[in-house]
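Presented below, as structure tokens, is a lone chain in the form predicted alone.
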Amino acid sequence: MILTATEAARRISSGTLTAEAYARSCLEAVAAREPVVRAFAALDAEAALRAARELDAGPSRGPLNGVPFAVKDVIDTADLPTEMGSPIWQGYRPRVDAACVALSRAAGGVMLGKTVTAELAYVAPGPTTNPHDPAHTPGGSSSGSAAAVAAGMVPLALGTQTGGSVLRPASFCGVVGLKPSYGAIARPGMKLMADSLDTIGLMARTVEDANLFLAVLTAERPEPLPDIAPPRIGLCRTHLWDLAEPAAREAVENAARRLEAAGAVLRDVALPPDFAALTEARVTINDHEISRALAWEWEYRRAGLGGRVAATVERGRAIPRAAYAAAQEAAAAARARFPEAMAGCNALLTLGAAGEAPEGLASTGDSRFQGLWTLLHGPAVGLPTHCGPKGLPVGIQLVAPRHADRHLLAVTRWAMDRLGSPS
């Protein structure tokens, strides 16, 4: 049974559905689709069912109350390996859950399994395929998390984003993706790659589910999203606009037209010209920090690193400290200016990805369309609103300044109610 997390938690709490029955339905979806989708790196069905039965036998544990969730395999779990898509970490068993997993379980969530990640949450993909067409990539690096939600295996999944690793697979797989403000979700227990960029995010079926899961992950009391007046939305094409496929550009412009017709105040918003340099600044920061984060792997297990990861470490080690510092200063200055650059808008509407998921599994796609917003440290939400010429999902993205997460979710819920999912 494909339910939203919000609906499943409500039904389990009311007694019209058991946690065990819902967990079994998710496991049935895994059994049916996993041979092709290959979303999971590790799965313990019996442990999930035991956890569900324990929840059924006692009082409600919290807002997730029997809702299954999946965890990207760069986030620690005490009862399943954390192998990070890397032979170096094969068989690694952490002693404790990451903070985000502990909070999810404490809220009544049932951890179903670990989802496939690109190697060390970077760019070399794992075996996961796109649930809409297995000949196409699901995106990455949170490949399995997006695919598992899109395939109906779980209603919620944890991912991580350093460039575009939550929002791009959300767009390619046609689910709601949330990269919250930098630091909003505590990172202990996550494999860090680029410390000043890495952000724990999530995949969900609806904006309401994203709001529920975010509250759990930030140790806050879940509250329904408020009804809001028609928002002020800025159509922001950015310096990357012409690099996107026509389908991606049309999705954004079509969404803008429809939202304006529904009452939103639309205006074109051009970011300051020097923001164009932030794309390269993010790469400099990314490569420099990865080369430091992987010091142990580089010095003692170098042969186990894939070619693309190794090349990034080599590039990062060659970046002068002064160049890294300059990139960080440019990023900090842009973050300070970003609220004013939004020109009084509640959110900016922009490209969710380059277009439809590329054919083949050798690449996870172009991260530049999300990387700029990751660098700015604000929340970004991907909405599954359009399809491209091949019938594959094409998402849009709404962004806001740091710490405006809940307000952005209210705006995105308003927008999604009016745009709807593609037919």
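The model shown is predicted, which means the values in this text are computed figures rather than measured ones. Residue indices: 1-based, along the sequence shown.
The next section is about a form of this same protein that is not shown, the form predicted together with a further copy of the same chain.
Note on contacts: among R315, R292, R237, R267, the single residue with a heavy atom within 4.5 Å of a further copy of the same chain in the predicted complex is R292. None of I88, A256, V207, A151 but one reaches within 4.5 angstroms of a further copy of the same chain in the predicted complex through a heavy atom, and that residue is I88. In the predicted complex, every residue of the candidate spot (V96, R187 and D195) has a heavy atom lying within 4.5 Å of a further copy of the same chain.
Within 4.5 Å of any heavy atom of a further copy of the same chain in the predicted complex lies no heavy atom of A261.
Contact annotation for L271: none of its heavy atoms lies within 4.5 Å of a further copy of the same chain in the predicted complex.
Residue contact with a further copy of the same chain in the predicted complex: R105 places a heavy atom within 4.5 Å of it. Using a 4.5 angstroms threshold between heavy atoms, H403 counts as touching a further copy of the same chain in the predicted complex.
Heavy atoms within 4.5 Å of a further copy of the same chain in the predicted complex are found in one stretch of 319-327, 162-170, 240-248, 140-148, which is 319-327. For the stretch 202-227, the set of residues having any non-hydrogen atom within 4.5 angstroms of a further copy of the same chain in the predicted complex comprises T218, A219, E220, in sequence order.
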